[in-house]
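This document opens with one chain alone, in structure tokens, the form predicted on its own.
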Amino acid sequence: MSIVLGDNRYGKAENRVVRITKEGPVHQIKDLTVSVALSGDLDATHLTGDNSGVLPTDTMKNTCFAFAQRHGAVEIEDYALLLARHFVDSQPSIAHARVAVAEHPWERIAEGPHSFLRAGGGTRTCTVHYDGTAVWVVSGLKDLTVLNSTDSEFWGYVKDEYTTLVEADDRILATEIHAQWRHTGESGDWGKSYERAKNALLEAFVRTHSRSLQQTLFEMGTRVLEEVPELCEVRLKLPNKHHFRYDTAPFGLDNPNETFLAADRPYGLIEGDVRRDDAPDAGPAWT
């Protein structure tokens, strides 16, 4: 029997980079979490401890901050592309870079030029892969909590000896949207496509009379691909944030679907991939 080294990568995870762009008294803020992972001709460091091909992870951290300073408040996809290309093109031992960025949104307080409030509209994300020749760009968002107080049903499901769930023809549907979408090109108006994709997700959630969260997931992914033609695939993860009608009868009170117990766990988790039938090969985009 022989033992061999399999796939491997290394990097610096969750660098917290905040870049303030100062235009006179008016400031702009970019608040990012940046993770870098590199792979390539790195067998020696694992097998013999030879580090001659290893770029220190501390250097990766410094590069993230230096590029933020040098390039300013660019879109996160452009920032990730700059980093990925730098690491592969400048290091002979590195063949592939994965750079993932999450942007934490801030809003101005009362139109103050330099006062901000952490916004609650979800976290923008992107992941870029570069192998020296080809680029794969995946954008998205996470932590966007939404709720429909009606227009949601759930009935007609399988029942066995362990089923206690009561069928519902009018229920709350709430979830926390985690969505990623794959671009067909290596460049684009990233900010515009992000806003259009986010709006499409929300429009589909609002307009779908839901008979299951699975149905809503497919409608959301479909709407994104219809509204943003430069995208070819959408992956969604939707936890079902359950709300159960609370029994107020012991208190002499009727509850016509107005007062609920919000249960944070356990929860149903619905995941799905919606894509065009002619979507190009994903390569390592989802790795």
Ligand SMILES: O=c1[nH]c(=O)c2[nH]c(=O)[nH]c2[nH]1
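Just count from 1 along the sequence shown to find any residue number. Please read all numbers here as calculations on a predicted model, not as lab measurements.
Not pictured, yet referred to below: the form predicted together with this ligand.
Residue 240 is the only one of 240, 39, 33, 45 with a heavy atom lying within 4.5 Å of this ligand in the predicted bound form. Just one of 144, 88, 74, 213 comes within 4.5 Å of this ligand in the predicted bound form, counting any heavy atom, and that one is 213. Proximity to this ligand in the predicted bound form, taken as heavy atoms within 4.5 Å, picks out 164-172 from the listed stretches 124-132, 75-83, 164-172, 194-202. Contact check for residue 154: a heavy atom falls within 4.5 Å of this ligand in the predicted bound form.
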